[in-house]
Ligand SMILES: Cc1cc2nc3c(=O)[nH]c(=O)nc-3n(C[C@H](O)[C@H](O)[C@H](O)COP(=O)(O)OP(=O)(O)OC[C@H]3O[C@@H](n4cnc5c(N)ncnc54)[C@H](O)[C@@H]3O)c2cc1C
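First comes one chain, alone, set out as structure tokens in the form predicted alone.
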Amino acid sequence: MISRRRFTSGALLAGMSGAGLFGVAGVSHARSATSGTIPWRNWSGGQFARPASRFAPTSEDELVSWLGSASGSLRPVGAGHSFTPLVPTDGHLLVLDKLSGLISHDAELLRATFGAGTRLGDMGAPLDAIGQASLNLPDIDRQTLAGAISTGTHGTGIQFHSLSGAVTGLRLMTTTGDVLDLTAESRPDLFQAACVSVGALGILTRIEMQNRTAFRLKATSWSQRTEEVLEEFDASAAAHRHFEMFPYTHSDFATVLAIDETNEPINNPLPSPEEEAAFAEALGALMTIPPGERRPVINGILQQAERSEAVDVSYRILTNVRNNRFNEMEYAVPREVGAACVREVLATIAEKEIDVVFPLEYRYVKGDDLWLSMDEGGDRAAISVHRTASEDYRPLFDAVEPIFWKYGGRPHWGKVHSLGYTQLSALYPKFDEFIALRAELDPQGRLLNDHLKTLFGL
């Protein structure tokens, strides 16, 4: 039997897409740059730049001094995990890695302040040491905290906002030298704009998050027919702390993942070599079959997959290691049309016989009131499609993106999309107010690059 855990692991998903190694040379969608001398590339390799310089401040005072003396354009960078060109610049690259770590915490309110450059994966242990845990986390934990909230990154669960919705305080440094400490009570409009800002308002240096007491989670996964899962998705999402599905392309089945709190002992072993060998053999046969003929084979593999369980501290269950690189498109559609949208995406991939085996990801996120949040104004269903980094993602993404538009989808700011000002201003009620606020805080447009100018119609 093939375990569900191995079937959804990052390494094997990459193998299913026909590329077990990371390689981007010659990929036509990679951004090119010729100026400057210090190359920069994002996590997937699809975005590239040669900034004129890099600066990595070791303290907030050092950053304030640098902002006052430096001239020209600049862009902050975290882990480079966004697939959109938010970072590329021929000006200064501001690296926040050294502004990291736990700064302070409130044991009564269960809040903790971290440096903005802290990787999400480096927050779990220090929080656990003070008896706290993040309310929720995304699938991948390599992003910096600032980068994650600035792009609206989220986890899974209808009762949980994105990471931005758990922010209770921010320190923002503007290009004009102002240092702003923001909360929902002190500066509500600016706070709501800064919680999802795509790095366009200023430089985040520290972030306070609402947490909870440390806890343990149990993850259970199994295979089930996609249509059965969709029909019961609302009830399942309400019944579990976290519930999501991974519908497979050219298949009638999905991997289902349910996560709930538990007091059971930790039991989270690594997959065995035998599991990996069995799965590799199955994949080798699968990739020789044309897309239009794969359905019975994939169905058969998934029907053999055994139910799996894992128990661990919360942050080890909520996040995963994804060593094989990919590019991703994600749109959030109103929750009530989510099932119809994902059905149409799967049907389109099948009809066009697009050669991809990487599964989709389908989950719910709680609505909020943050200006540029994908979930502003109501609960949303997030639908993700992926393509291995060494492959051209355009045949897949170009085919499915118009479907997301049809259902009123908003794109994830850090994931591939083709929208500009005209479309975005119609999707976000506060979009023009955000643009006006950006101009007020950065009047010289130092934080703008070509991509942001397109987003804001400049």
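In this text, all values refer to a predicted model and were calculated from it rather than measured experimentally. Start at 1 and count along the sequence shown; that's the residue number.
What comes next is about the form predicted in complex with this ligand, which does not appear here.
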item: All of W43, R75 and R363 with a heavy atom within 4.5 Å of this ligand in the model of the complex; value: yes
item: Selected contact from S223, S251, Q143, S314, since only one has a non-hydrogen atom within 4.5 angstroms of this ligand in the model of the complex; value: Q143
item: Listed residue that, although this ligand is not shown, lies within 4.5 Å of it in the model of the complex (heavy atoms), from R322, H240, R111, R295; value: R322
item: Stretch in contact, per heavy atom within 4.5 angstroms of this ligand in the model of the complex, of 101-109, 151-159, 254-262, 128-136; value: 151-159
item: In the model of the complex, G80 touching this ligand (heavy atom, 4.5 Å); value: yes
item: is_contact(V357, this ligand) in the model of the complex, heavy atom dist at most 4.5 Å; value: no
item: Partner contact for F326 in the model of the complex: this ligand, 4.5 angstroms, heavy atom; value: yes
item: Touches this ligand in the model of the complex: G414 (any heavy atom, 4.5 Å); value: yes
item: Members of 189-210 lying within 4.5 angstroms of this ligand, judged by heavy atom, in the model of the complex; value: V198, G199, G202, I203, L204
